[in-house]
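Next up: just one chain, as C-alpha cells, the form predicted alone.
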C-alpha cells in the first residue's frame, strides 16, 4: 500500500478515535457517575447491549489501527532499509490482527454470556 494512503488512514483514525473516545468518556464518566461506570455488573450489562458492544468494537479497531500504524511510522523513520521495512509492515499487520482478535474475543464472550457477574 502506498505511504500516502497509510498516512490518510492515520489521519482518519485519529479523527475517528477522537470522536469515539470523547463519546465513550461522556457516556461512562459524565452521564454515569464514575463509581457506577466501573462496576463489573454495569460493564457486563453494557457489553450485552448489542449497539454499545458494536460501538466498543469500533473503538477497539480504530484505536489499535491508529496506534500500531503510528508505531509503524516511527519504526520506518528509525531505520529505512528494505528488509527492515518489510518486517515492520508484516509485524504491524500481525500485531493488529492479534490485538483485534483478542479484543474481539473479549467482546464476544461478554455479549454471549461467556462471562458472568
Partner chain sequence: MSLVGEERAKNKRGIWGWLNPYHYNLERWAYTFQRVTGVAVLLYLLGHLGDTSFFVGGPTGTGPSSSSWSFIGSIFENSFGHLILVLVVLVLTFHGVNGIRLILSEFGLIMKKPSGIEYPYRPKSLGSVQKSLVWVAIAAAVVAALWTYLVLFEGMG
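Positions refer to the first chain, counted from 1. The model shown is predicted, which means the values in this text are computed figures rather than measured ones.
Although not depicted, the form predicted in complex with its partner chain is the subject of the following passage.
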Among the candidates 58, 90, 27, 38, the residue which, in the predicted bound form, approaches its partner chain to within 4.5 Å (heavy atoms)
38
How about residue 50: is it within 4.5 Å of its partner chain in the predicted bound form, going by heavy atoms?
no
I'd like to know if residue 15 sits close to its partner chain in the predicted bound form, meaning any non-hydrogen atom pair within 4.5 angstroms.
yes
Close approach of residue 54 to its partner chain in the predicted bound form, 4.5 Å, heavy atom
no
Find out whether any non-hydrogen atom of residue 97 is located within 4.5 angstroms of its partner chain in the predicted bound form, and reply yes or no.
no
Quick one: name the residues from 53 to 79 with any non-hydrogen atom within 4.5 angstroms of its partner chain in the predicted bound form.
60, 63, 64, 66, 67, 68, 71, 73, 74, 77, 78
